[in-house]
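Next up: a single chain in structure tokens, the form predicted alone.
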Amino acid sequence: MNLAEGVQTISFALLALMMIGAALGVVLLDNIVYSAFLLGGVFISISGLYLLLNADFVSAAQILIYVGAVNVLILFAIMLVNKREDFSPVPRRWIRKGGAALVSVGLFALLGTMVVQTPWVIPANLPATTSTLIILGEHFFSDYLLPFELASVLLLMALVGAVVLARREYVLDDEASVGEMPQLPLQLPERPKEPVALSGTSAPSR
């Protein structure tokens, strides 16, 4: 093993540990905002793994689309909705946890079997090919132009729907408060002011 292979192996191990740790944080943390930020860490780790596979365009698209669009959209939805609800205990919660654990173990076994049985040996003499950016650009603006534009419209509809859902709660509150006494906005208590003596007059004696 030469120096380049050693650096690649160490980078793969660090990125894999970072991705697994962030993914566990997404599932196990109670704060949904922290889970959303850790989801961005998972996406960045996957982007680094794509770089190790010489997939430069897929790595950049992973950051631009998933971190810069999807993850930010999730954070916007969480912060716009801002719904406060007291969590009540779920009856027979262990059944749901057991089912989720079985599904996760089954998916892990399936993916592990696929990784072990797939031949990962790359031939030494590969023919020179055109850059992936040129090929993807030609397909995006020729064969897949309509699906590409429909995906952008779908993301815009999702953003508008998140804004509408966030505003609907305030509209319902205004309608429910019709006929009731208006509530004053929250204000901080002011500090009592000391009397100030005017110029030429003495301060009142206490």
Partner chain sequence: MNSGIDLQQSVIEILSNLGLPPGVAKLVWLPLPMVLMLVTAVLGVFTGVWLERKISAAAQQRIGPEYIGPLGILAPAADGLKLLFKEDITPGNADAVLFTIGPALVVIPVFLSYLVVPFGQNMLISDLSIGVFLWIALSSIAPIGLLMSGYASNNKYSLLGGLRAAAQSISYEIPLALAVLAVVMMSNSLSTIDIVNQQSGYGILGWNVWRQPVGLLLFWIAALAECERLPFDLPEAEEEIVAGYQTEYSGMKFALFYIGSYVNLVLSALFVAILYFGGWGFPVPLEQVASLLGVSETNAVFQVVMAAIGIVTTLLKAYFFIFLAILLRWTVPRVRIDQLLDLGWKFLLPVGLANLLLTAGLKLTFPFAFGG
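All values derive from a computational prediction rather than experimental measurement. Numbering follows the first chain given and starts at 1.
Keep in mind the form predicted in complex with the partner chain is missing from the figure; the text below concerns it.
- The contact with the partner chain in the model of the complex, taken as any heavy atom within 4.5 Å, belongs to Leu80 out of Leu80, Leu111, Ile95, Val103.
- None of Ala61, Leu165, Leu156, Leu150 but one reaches within 4.5 angstroms of the partner chain in the model of the complex through a heavy atom, and that residue is Ala61.
- For a residue to qualify, one of its non-hydrogen atoms must sit within 4.5 Å of the partner chain in the model of the complex; all three of Ile44, Asp56 and Val72 qualify.
- For Leu133, a non-hydrogen atom is located within 4.5 Å of the partner chain in the model of the complex, even though that partner is not displayed.
- The partner chain is not shown here, and in the model of the complex it never comes within 4.5 Å of any heavy atom of Tyr144.
- Within this chain, Phe140 is remote from the site of the partner chain in the model of the complex, having no heavy atom within 4.5 Å.
- Heavy atoms of Tyr50 never reach within 4.5 Å of the partner chain in the model of the complex, leaving it off the interface.
- Taking the partner chain as it sits in the model of the complex, the stretch 30-54 comes within 4.5 angstroms of it through a non-hydrogen atom at Asn31, Val33, Tyr34, Phe37, Ile44.
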